[in-house]
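A lone chain, given as structure tokens: the form predicted alone.
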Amino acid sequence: MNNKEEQNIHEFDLNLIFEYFSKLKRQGPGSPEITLKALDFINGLNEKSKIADMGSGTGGQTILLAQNTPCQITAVDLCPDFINQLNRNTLIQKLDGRIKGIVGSMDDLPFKDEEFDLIWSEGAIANIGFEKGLRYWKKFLKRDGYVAVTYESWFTNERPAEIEKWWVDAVPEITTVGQNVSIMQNSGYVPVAVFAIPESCWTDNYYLPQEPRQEEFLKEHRGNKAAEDFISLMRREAHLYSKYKQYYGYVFYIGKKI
């Protein structure tokens, strides 16, 4: 393995990453069908309920949540461009009265204790850590409120060294589904549902749409080694998924605050 292959996403400038993903419909694996499947496990939402979408990206799932619940939703993301896109899209969808996008960090939130009935996060909790996120966010949930997150997880107890190193470098706390359920329980939640998202959420919805964006990005940053290395990283990630997808994936974890 050469040095370029050993790089991980944390070595790149956030602005470069944000620029790349800002022109993609999705910033992580998933699908509308999977968002709605997870939402089906959440009970008791009404027009007075409040949802926080942590690490919302440009808000595809945020808008879907608004279209399928009567709730008020606050979307949080560190990237201003993602939030600007989300807020523009809420106007187009005539949902601006029920969705508010704010720029902020998931581990330094401006909310009141027990403000939300549901905290949602697709593909983002790894940025602050699965256990840390669950424990920190819990104080913002009402009693019997729900958390629903997707998180990178091992499907097997053992896996090849190549993919083990890749994901441990990217997500040092990555562990198995069973261990994550235990972490959720120990963090003060009753596990409600746990399921892996389908392969198509990675291939058709995440990696395939990146291919034209990668060519465009390289043209926009011709001669920029950091941009070239970043595209190499994204292409390698897609290759590794095709090679080792039986060993890992995103898993939806849904819990109810005790």
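Quick caveat: nothing in here was measured; it's all calculated off a predicted structure. Start at 1 and count along the sequence shown; that's the residue number.
The form predicted together with S-adenosyl-L-homocysteine is left out here; the points below concern that form.
Colleague: Counting only non-hydrogen atoms, which stretch in 163-171, 87-95, 181-189, 73-81 is within 4.5 Å of S-adenosyl-L-homocysteine in the predicted bound form?
Modeller: Selected stretch: 73-81.
Colleague: Give a yes or no for residue 124: in the predicted bound form, does one of its heavy atoms lie within 4.5 Å of a heavy atom belonging to S-adenosyl-L-homocysteine?
Modeller: It does: once S-adenosyl-L-homocysteine is placed as it appears in the predicted bound form, residue 124 has a heavy atom within 4.5 Å of it.
Colleague: Does residue 176 reach S-adenosyl-L-homocysteine in the predicted bound form if we count a contact as any heavy atom within 4.5 Å?
Modeller: No, no contact at 4.5 Å.
Colleague: Is residue 28 close enough to touch S-adenosyl-L-homocysteine in the predicted bound form, meaning at least one heavy atom pair within 4.5 Å?
Modeller: It does: once S-adenosyl-L-homocysteine is placed as it appears in the predicted bound form, residue 28 has a heavy atom within 4.5 Å of it.
Colleague: Would residue 106 count as touching S-adenosyl-L-homocysteine in the predicted bound form under a 4.5 Å heavy atom rule?
Modeller: Residue-level check for residue 106: yes, a contact with S-adenosyl-L-homocysteine.
Colleague: Of these, 241, 247, 12, 18, which has a heavy atom no more than 4.5 Å from S-adenosyl-L-homocysteine in the predicted bound form?
Modeller: The option sitting close enough to the partner is 18.
Colleague: Counting only non-hydrogen atoms and a 4.5 Å cut-off, give the residues of 49-63 close to S-adenosyl-L-homocysteine in the predicted bound form.
Modeller: Contacting residues: 55, 56, 57, 61.
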